[in-house]
Every structure is written in structure tokens, then in C-alpha cells.
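In C-alpha cells, one chain follows: the form predicted on its own.
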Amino acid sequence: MDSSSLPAHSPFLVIGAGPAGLTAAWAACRRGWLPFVLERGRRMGGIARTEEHRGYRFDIGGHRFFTKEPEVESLWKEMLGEQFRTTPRMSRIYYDNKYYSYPLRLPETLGNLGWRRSFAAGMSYVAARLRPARPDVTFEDWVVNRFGQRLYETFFRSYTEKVWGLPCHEIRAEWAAQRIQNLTLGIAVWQALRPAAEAASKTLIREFQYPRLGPGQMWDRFRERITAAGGRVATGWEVVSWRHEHGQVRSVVAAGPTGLREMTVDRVVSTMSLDELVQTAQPAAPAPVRMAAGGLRHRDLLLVGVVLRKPALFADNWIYVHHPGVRVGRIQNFGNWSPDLVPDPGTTSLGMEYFCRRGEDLWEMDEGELGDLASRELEALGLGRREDVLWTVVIRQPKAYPVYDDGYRERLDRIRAWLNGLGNLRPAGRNALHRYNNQDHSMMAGIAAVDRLAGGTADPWEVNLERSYHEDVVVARQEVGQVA
């Protein structure tokens, strides 16, 4: 059976071939279930995929393979083994026309700030520690309480607002608690003084594993293993509706190369975004649930690939651009992730990342306009010359980041309560849980979803909370070939 046809029935359906979906499919294979994976795109991996243009490979968003989850670590090695390379992390912050190494290097940071601003930052930190704002309600509260107002303004505010398109006082503190939960000024200074010490925070790691041909190499391998075990991955198929009754999902309708097809199902793992999942339900979800789903917001990503005729323009993996005078938020240098992403060593391949929402002027620009904007801003930042640009390419990623705005938690709880009434459906993954997970926690959510559908007690909703996951999910280690 080729990818242009679908079976009439699937005992285990996975919607979406990103990290969560493919891991769930592999976990199902380990249980002896034959999964069928529907992916609407032409490539697997979701936002963690690798795009290719003229032989150059582009990593959407940049994906370090570093985890504190032994299950995921072992699975990565099982899938790719020697195809991993150890990549030194080098990243900097561009602020006030100066570059700051990140993790911070104390002499450089103090030199760039100058003694007056450094002293003011220190006093601001002391004041915040003596009189913290409690409780942490917003992102601004969370950072100021741990770093002080001055360092918040210098190293957090501008970039964060550029990414989310929201003032920091409108972003919930849960985002900071999840993404930089172990990071404090003490840890940052300790790392600056002793860079060889093991990072106490994932935010500050100094090297990571990376597939030789980019993260897409991992998901290609997953597909090979799933197919060899008797499962299937069909690309170009988008779920347009699904039918449920008596607390069970009965069938799914997908649109693809041969039109609309309906498939009955026994168990379902969904990685599609929560708003789409609710909107496509038949019969329709209750009105309050539909309203909650409609209120969930996302941030979209534009990656403008820029190839220049100059080699080794700079040594960073990526640069965070806090400068308000340009619209680019982050710049990746793909050859510094893996030289094999760049076929011509006499060139440099960059990814200029722009954060926006569909319908905004950036999203509506055509490829030529975006390529010109990226080239101009690259020159304005002093990183490359427009005349050296050979060509550009634009890659659009809708719903790259779930937004943690005011009221999102109440909306999420309402949707979750309704979905929990469907006994054979479990969501997993970044947009399916509306949680800004990295790929390792998305994979753990996929494993937990399969465990729950098998009658276990692991819960994908609990992955990557204050505890990364409950002990119940340890049972799922057997699914990925672990020894508990």
C-alpha cells in the first residue's frame, strides 16, 4: 500500500509525524501494535524537521540534542548512533551594539556594560532579592525576582517581546518556569567563573549532540524502523474531521492525494494543535470548549535562509538579536551545527529567524522582499555584506510557539477536561498540549500517551511540569527497548 491510499481501519492511529507522533508510533510498535501515521506535510519532524534547498540543509528553529531524560537519550543513540557529532555550543547576545557571550563570561559582560551599569545591575539584583514581587504572575515578575530590573531590561525584555509580540507583563510566568526553570543569577555567575563545570541548567550547556545531516535524519530513521516493524507513515494527508460517540473516537476523515478518505480507529494519539482538534470534532464540542480552543494563540516563524560566498563568517551556532533596530530575532549559522549541512565549504549558510503572526506584514511579504530584508539586516548588524549574498530561500512555520498569555491556563483546563472524556484518544506534543516543550519532552509525551492507551497511568499532560514526568511513565521504558 503506498502513501496515496489509506486503510479502511487502523487499530492504532497517530496524527502527525513530529517528534511526539513518531515516538508514539515506535512505542506502539514495541507493544506489538501496528501504527498508522498521518502527516499533512511532505516532510516529517514538524518544527524539528530539516528542509533542503540546492543541497543546503536548514534546521527550523535550531534543535540541540541534549536531554536529562535517559529514555530519550538511549532512544536517540539507538536510532542514529555514530551519525551524531558532538557540537560545541557557542552563542552570543547582540545588545546595544555589543556582543555578549551566552552563557555569560564575567569579564566580557562587565567590560561591555561598564562599571556604572554593572554596579546599578548589582544593586538592582539586591533590591529584587530583598523585596521580590510575589507571587510570580508574569514573565516580568519571574525574571525581575531572580535577576533584578536592570538585567531583565538588558538581557531578557527586548528579545522576549520580539519573539512573542507581547509585552512581558502579559506573558505568564509559567513560560519562564518551564523554559529556564533552574536558571538563577548565582548559577549564571558560577558558570561564568567556572565554564568547565557541569551546567546546572539546560539553558547553559556548553556542548550537545547533533545529527550529521540535521534533525530530519532522526525522523527519517524513525520512519524506517516503524515501517520495518509493520507500521506505516503516510505524508500529504491532513485530518479534516473525526467522529466520536459514547466517549470513544470512532473514525477519522483525512484529505490527501486521492481525495477524502474515512478510517475507523481503535486508539488515537493526536499531535495536531488543540484548536484544530476541537474544531474538527463531530459532533461539535460543547460551545465553551470551542470558545476556549478559539482563544488559544500561537506565534509563527519565518526562517529566511541566506547563503553567502564567504566562509566562516562567525563562530556562533546562533546569535540572539536584542537590538530593536532590526526585526530579526535570532540568526543561525548552520555550518557551525554540522559542516555537512553546507555542501560548499567556501560558503556560509545562515538562518535569519523572524517571529510574527499570519496576517501580519512580515508573514505577507513575498520571498523576494523577505530575502532583501534579511540581507539588509545582516549587513546592518555587521555580520555579512549584501553583495556577498548568493541566494535566499524562505521557509514558513505556522504555529511554531504556543503563547502563554493571560487566561490560557483556564482555556487549556477546559479543553483538557473535555478531551479526558474520550477514552481512546490522547494528545501529545507541543501544540497538542499547548506547551512549549523541547523535542525530548515531546517524545516523552508520546511515550506516555501510548502507555495511557495501553491501560497504564502515565499522563502526557504531566510531562515537563515541575517534575519532568511522574514515576508512572517509567513503565513505558520497555516500549522503547529500555531496561528499567
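Numbering starts at 1 and follows the sequence shown. Note that the structure is predicted; figures quoted are calculated from it, not measured.
Only in words, not in the display: the form predicted in complex with a small molecule, which the text now covers.
- Residue Val239 is the only one of Leu113, Val239, Ile319, Ala293 with a heavy atom lying within 4.5 Å of the small molecule in the model of the complex.
- Residues with any non-hydrogen atom within 4.5 angstroms of the small molecule in the model of the complex fall in just one of 413-421, 453-461, 28-36, 439-447: 439-447.
- By the criterion of a heavy atom within 4.5 Å, Val342 is excluded from the residues contacting the small molecule in the model of the complex.
- Residue contact with the small molecule in the model of the complex: His434 places no heavy atom within 4.5 Å of it.
- Using a 4.5 Å cutoff between non-hydrogen atoms, Ile47 counts as a contact of the small molecule in the model of the complex.
- Remark: Val265 does not count among the residues lining the small molecule in the model of the complex, judged by a heavy atom distance of 4.5 Å or less.
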